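Let's start with one chain on its own, the form predicted alone, as structure tokens.
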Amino acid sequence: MRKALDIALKDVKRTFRDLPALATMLAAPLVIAVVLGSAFGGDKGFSIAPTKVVVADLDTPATAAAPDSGAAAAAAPTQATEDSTANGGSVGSAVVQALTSEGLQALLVVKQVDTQKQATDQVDAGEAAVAVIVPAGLTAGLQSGDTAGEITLYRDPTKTIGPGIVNAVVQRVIARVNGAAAAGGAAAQLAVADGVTKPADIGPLASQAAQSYLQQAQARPAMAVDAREPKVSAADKTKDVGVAGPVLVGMMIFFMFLAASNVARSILDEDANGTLPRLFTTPTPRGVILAGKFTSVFLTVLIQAVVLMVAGKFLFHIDWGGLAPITVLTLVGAGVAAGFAVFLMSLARTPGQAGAISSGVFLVMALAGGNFIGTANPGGIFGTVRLITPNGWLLKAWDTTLRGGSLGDVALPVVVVAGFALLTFLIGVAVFRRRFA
């Protein structure tokens, strides 16, 4: 046993003195986690930067005038709409007030300009994501009934979320204007049906109906959507795992498999170079020598995982979870990476074959298991397919642990992954022993 451990430690030291190997094992997963974690909010979870919006409000409040026709009376509520929603009484000022409301300050940064060209130029130059252009005379046109009016959104085609928010806000203002106009029109028609024929009498009734509509709409709580999800544990609901942690877990598991295959391949390298046959001529039994080689694979990826988790703790402030589950997951993760590496290397005859086989297999496993999307649960068919792979089960268990799960919560994934590790390791050891008997 002591000789096997000495052989394992010798190989581990050699691996960690190899700078290219260290770059693959440690630097690569950390760099990927830094890039993706920083892009999507780091340890604070997913977040989006405020969208820059430029507004060209060319509209001006129309002068109050007594309506002289049924059409004017029906359009009169538009003025009442804006009087109750924005200072200045215009549709443009209502749009500006809605975009600059307190609830949107974290999402939108609004800047006003004087002309349409200034607004579109800023979008073209990349200084704003979307421009809102309220045409001159929009409120007057709505009041007179001569035009339905149109507000222009000029957006950067590469942006989606911000312009979508702006569009929803503008649509809400338009809905309020149209609602008030509809209420006023209905009141005017009812007045005519009741025998009121003078426009001077119809106008005030329509305006009063529109004003009442707006007051009730503002006073009444808005209808909302009750979005629900399947019941999850309290830990799932209360703990925000951020982005860096899940991303680093995915990359850590993937590169553990790669590192294990590189270390296991050294058996074939030494066999091809003649050093392994010479080692077999020593008094040390062949079984002990192979045991030392296999142990070095496990120890290498175990140290790799520990280093990456410590780095994640200090670089990204990742809270990995309870000591018991992370210890067990780290051990079984190192075990399954070592087991698969030994198994795949046993199938190859040359180092070249080993490199091609292991790279292809581990890439397919990473794609199927979901290493490149972190611990996120994609659901559907892909959510089922990922559980065919050991790394898919590991990602599932790590997600539970990151969210505060206990050792009991990850018991099933641990058992499954341990089964993968034991099966592949035993097959690989058996093949190697037969080959070097």
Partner chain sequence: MRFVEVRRLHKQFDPPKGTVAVDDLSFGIEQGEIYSLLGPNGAGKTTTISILSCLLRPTGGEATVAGASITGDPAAVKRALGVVPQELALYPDLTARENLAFWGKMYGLRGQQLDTRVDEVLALIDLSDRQKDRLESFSGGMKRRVNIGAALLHKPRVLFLDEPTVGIDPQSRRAILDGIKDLNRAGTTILYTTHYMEEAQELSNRIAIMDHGKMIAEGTHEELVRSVGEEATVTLSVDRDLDRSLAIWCSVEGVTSAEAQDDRARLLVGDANAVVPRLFETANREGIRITGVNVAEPNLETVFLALTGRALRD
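Numbering follows the first chain given and starts at 1. Everything numeric here is computed off the predicted structure, so don't read it as measured data.
What follows is about the form predicted together with the partner chain, which we do not show.
Novice: Only one of Q105, T115, T275, Q171 has a non-hydrogen atom within 4.5 angstroms of the partner chain in the predicted bound form; which is it?
Specialist: Spelling it out, the residue with a heavy atom inside the cut-off is T275.
Novice: Can you check whether D319 is within 4.5 Å of the partner chain in the predicted bound form, heavy atom basis?
Specialist: Residue-level check for D319: no, no contact with the partner chain.
Novice: Even though the partner chain is not shown here, does T282 get within 4.5 Å of it in the predicted bound form, heavy atoms only?
Specialist: Heavy-atom contact with the partner chain at 4.5 Å: present for T282.
Novice: Please run the contact check for D156 against the partner chain in the predicted bound form: heavy atoms, 4.5 angstroms, yes or no?
Specialist: So D156 does not count as contacting the partner chain.
Novice: May I ask you to state whether R286 is within 4.5 Å of the partner chain in the predicted bound form, using heavy atom distances?
Specialist: Flag for R286 set to yes.
Novice: Can you tell me which of 6-14, 411-419, 21-29, 424-432 lies within 4.5 Å of the partner chain in the predicted bound form, counting heavy atoms only?
Specialist: Flagged stretch: 6-14.
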